[in-house]
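What follows is one chain in structure tokens, specifically the form predicted alone.
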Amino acid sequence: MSLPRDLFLGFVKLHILYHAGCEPVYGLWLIDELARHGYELSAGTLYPMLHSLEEGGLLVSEKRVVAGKMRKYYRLTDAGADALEQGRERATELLNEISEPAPTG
């Protein structure tokens, strides 16, 4: 059974926010980095997600010319940092809870 899409995308968004908080990131780098964590994403999935996070005020983008090509870099905003922290807290709480044996009955 595979992970439901909305749950999967929630994990991906937290990864994006995390990495964009470490350094400016761009789409292809994110696709490769997320694949390293087991998330296989197409550009058709990632780029709308990046645009949505930017429209939501969690990321901001900047265009740069790299090797003669225009590349869009994303970095975390203050609102994105707040969202990441809330996500981190909730993920930690959930991990702690689901790590305990489930009650029987």
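Computed from a predicted model, the values in this text were never measured in an experiment. Start at 1 with the first residue shown and count on from there.
There is another form of the same protein, the form predicted in complex with the DNA; it is not shown, and what comes next is about it.
At least one heavy atom of residue 9 is located within 4.5 Å of the DNA in the predicted complex. Residue 79 falls outside the set of residues with a heavy atom inside 4.5 Å of the DNA in the predicted complex. A residue is said to contact a partner when one of its heavy atoms sits within 4.5 Å of a partner heavy atom; residue 15 fails this definition for the DNA in the predicted complex, lying far away. The DNA is not shown here, and in the predicted complex it never comes within 4.5 Å of any heavy atom of residue 38. If you take 59 to 88 and check each residue for a heavy atom within 4.5 Å of the DNA in the predicted complex, you get 68, 69, 70, 71, 72, 74, in sequence order.
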